[in-house]
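Listed next as structure tokens is one chain, alone, in the form predicted alone.
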């Protein structure tokens, strides 16, 4: 069980996905990323090119393809940084349904590694829905569309029970949401992850930018920085 406590009121803004690491003596030790995709369309093929930038940082560019559907991503991982006492994962993801019927998608992007708790976490997600068909289109989710997890346990979710409609060939903003100063009592023993779960109508495309970040429980000045980091990174990517 993961212990959670909101140090301050949660602030919901739309944003990005990434994480920040843990203890000053033993921060998040990253060993790369893993990706998984399931869809109602059936099995597909995952291909990913992972480039190690430093001993603790990676850049990932890849995707999953099946019959008339695809999921593509550009993902970055920064393990423990002794200067900023933090680590994160962030990136962009695009999910496309070019079939003639609605399809379900479940995607998980995981940052593999360990971190000593307690931790303070922040994250954000934002995106848009494009209806590429000549009919009314929809993007929906039963439960959380986006979630942040530690060792397969969800610690925060956004866009719960999402429901968006778009006229033919219309682009709809999904908004921007974030959380900050979320205290996590447990250590990370395996991975921290970002998950997406949604249904796309025929001809639909959903794109997201997200971040999940962790840091050792810091003083007030560092807490202010942690809450600001995901928003800063999302602006840089735009």
Partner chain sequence: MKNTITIACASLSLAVTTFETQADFTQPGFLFRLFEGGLASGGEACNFGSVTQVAANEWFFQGQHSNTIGTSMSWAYLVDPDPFITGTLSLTNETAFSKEYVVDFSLPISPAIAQSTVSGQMSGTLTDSNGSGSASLTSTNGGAIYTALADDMFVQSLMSNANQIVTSPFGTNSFSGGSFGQGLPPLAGPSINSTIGIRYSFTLSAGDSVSFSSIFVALPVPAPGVIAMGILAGFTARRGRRRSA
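Residue numbers count along the first chain shown, from 1. A quick note: this is a predicted structure, and the numbers were derived from the prediction, not measured.
There is another form of the same protein, the form predicted together with its partner chain; it is not shown, and what comes next is about it.
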(request) Sort through 38, 65, 57, 186 and report the residue having a heavy atom within 4.5 Å of its partner chain in the predicted complex. (result) 65
(request) Could you work out which of 207, 34, 50, 181 is the residue within 4.5 angstroms of its partner chain in the predicted complex, going by heavy atoms? (result) 207
(request) Please run the contact check for residue 146 against its partner chain in the predicted complex: heavy atoms, 4.5 angstroms, yes or no? (result) no
(message) in the predicted complex, is there a heavy atom of its partner chain that lies within 4.5 Å of any heavy atom of residue 200, even though the partner is absent here?
(response) no
(request) Give a yes/no on whether residue 114 approaches its partner chain to within 4.5 Å in the predicted complex, heavy atoms considered. (result) no
(message) Given that its partner chain is not shown alongside this chain, does residue 175 nevertheless sit within 4.5 Å of it in the predicted complex, heavy atom to heavy atom?
(response) yes
(message) Since the partner isn't included here, can you check whether its partner chain sits close to all of 119, 156 and 192 in the predicted complex (heavy atom within 4.5 Å for each)?
(response) no
(message) Please pick out the stretch from 71 to 79, 104 to 112, 136 to 144, 156 to 164 that is in contact with its partner chain in the predicted complex, where contact means heavy atoms within 4.5 Å.
(response) 71 to 79
(request) Can you tell me which bits of 129 to 168 touch its partner chain in the predicted complex, meaning any heavy atom within 4.5 Å? (result) 130, 131, 132
